[in-house]
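The data below hold one chain only, encoded as structure tokens and taken in the form predicted alone.
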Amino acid sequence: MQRHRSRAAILSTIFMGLGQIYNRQFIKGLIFIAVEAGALVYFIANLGRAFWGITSLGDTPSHLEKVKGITKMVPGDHSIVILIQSLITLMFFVLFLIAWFMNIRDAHKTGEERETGRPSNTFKQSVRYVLDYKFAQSFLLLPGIGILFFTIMPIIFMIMLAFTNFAAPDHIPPARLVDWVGFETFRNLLVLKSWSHTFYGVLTWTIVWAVLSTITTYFGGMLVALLINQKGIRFKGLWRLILIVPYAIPQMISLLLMRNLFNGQFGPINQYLGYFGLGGLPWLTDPFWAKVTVIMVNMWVGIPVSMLLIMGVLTTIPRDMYEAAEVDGATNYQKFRIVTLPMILFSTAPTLIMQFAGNINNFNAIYLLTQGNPVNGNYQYAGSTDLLVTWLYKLTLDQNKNNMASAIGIILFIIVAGFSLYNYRRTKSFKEEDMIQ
């Protein structure tokens, strides 16, 4: 009874499309045959080099060589290009294996239908079935492939760099080759004193910055939203407009403007302080005041976002909850603590976690305002206000320490993803997601 399904599956295993032809689905079978023929041509030429490239990263560096009596620089293997090309080929190979498996499963399924007496679908019927029942899956295939090559592949490439010695001055292609070094980069970052001192210092400031900037902007926005919503406040629209202005201006312009305002020598803020007989402050040149400055400026930029968010939540709180609280004799503070605050936190907890994760990676606020400065002599290529993400940027573009930057990127991802996932699963928004419909 299993004659057709077995034969079709075995034939499709030997060569894609043979099982479909055995099942009398000739056009589908020819398409599968064309796919495998094209794949064979491509993989015969590239697959061996891909495995060689991803294991060796090249074996011939650029070198001087006499060509017809003249000494010339002969280009060698470019390890990074080889790694990227190998990754692309291997990802195509994975896609081909998936197609090969689907071809076998299709042949087996059609053979099974034949054994039960049902005729095989014609090509037209197969197309009609896809359009009627598999339309979404079929049209998601193209963006899925795009995500695979333009999102997932760069991430895999970045992760792989952390396990190489791709860094200046000794391993920058094409002059030099790059080698696999395993976990040596992570060990240097976490244990080697010259790097670990910087890493733990920058990591501590990153966490402090993320916590303070999230709390100040969130509760600052909540305070402003509650004040504007109070009874008796006139010109509410005008207040909202004024407070939204910092959010409406492009952040880059705001931060660069603030950088000039807080200039310790020529900035207007210190000059105004001088008019009142007060001494100026080293806003951006002292490590402590530089950190205070970036948090204050971040509040100016971030409070409008939280204010708008919380204003929206306030409109959804039923009035009868307040009326019931008033009947029970609750004070304004009790109404806020028992009704307003829990409802706001329930609705905005996921956003709050997202803001925390975003602040850990808040490149703009730090780099446009201080560029990570002031300089810290105890750090490796990092300033006193550098976050992990700005330090990573400097290591990559300024110092060519690409392997170290990749290791930092992986650790940063683990921290952000782990913290966000853990906290989100503990919020009431996750546990009681059906509470608000």
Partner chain sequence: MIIGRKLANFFRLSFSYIILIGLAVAAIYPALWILLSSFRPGKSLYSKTLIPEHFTLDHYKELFTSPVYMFGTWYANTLKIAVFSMLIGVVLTLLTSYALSRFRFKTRKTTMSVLLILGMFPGFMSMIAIYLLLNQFNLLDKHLALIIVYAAGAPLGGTLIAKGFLDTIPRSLDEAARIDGASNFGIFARIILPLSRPMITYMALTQFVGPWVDFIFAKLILRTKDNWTVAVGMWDMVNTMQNSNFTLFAAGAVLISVPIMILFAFLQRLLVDGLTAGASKG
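Positions refer to the first chain, counted from 1. A quick note: this is a predicted structure, and the numbers were derived from the prediction, not measured. Superpose the two forms; the largest set of C-alphas matching within 1.5 Å is the rigid core.
The protein also exists as the form predicted in complex with the partner chain; that form is not presented, and the subsequent description refers to it.
- Note on contacts: among Ile249, Ile215, Val127, Leu192, the single residue with a heavy atom within 4.5 Å of the partner chain in the predicted complex is Ile249.
- Note on the partner interface in the predicted complex: the residue among Val74, Ile233, Ile317, Ala99 having a heavy atom within 4.5 angstroms of the partner chain is Ile233.
- Heavy atoms within 4.5 Å of the partner chain in the predicted complex are found in exactly one of 408-416, 32-40, 62-70, 373-381, that being 408-416.
- In the predicted complex, the partner chain sits beyond 4.5 Å of every heavy atom of Leu278.
- Within 4.5 Å of any heavy atom of the partner chain in the predicted complex lies no heavy atom of Thr13.
- Though the partner is left out of this view, Gly201 does not reach within 4.5 Å of the partner chain in the predicted complex, counting heavy atoms only.
- The closest non-hydrogen atom of Pro342 lies beyond 4.5 Å of the partner chain in the predicted complex.
- Contacts of stretch 116-155 with the partner chain in the predicted complex, defined by any heavy atom lying within 4.5 Å, are made by Leu131, Asp132, Phe135, Ala136, Gln137, Phe139, Leu140, Leu142, Pro143, Gly146, Ile147, Phe149, Phe150, Thr151, Ile152, Met153, Pro154, Ile155, listed in sequence order.
- Annotation: Cα of Tyr133 displaced by at least 2 Å between the shown form and the other one, core superposition.
- The rigid-core alignment places the CA of Leu421 2 Å or more apart between the shown form and the other one.
- Core-superposed comparison between the shown form and the other one: CA of Ala175 displaced by less than 2 Å.
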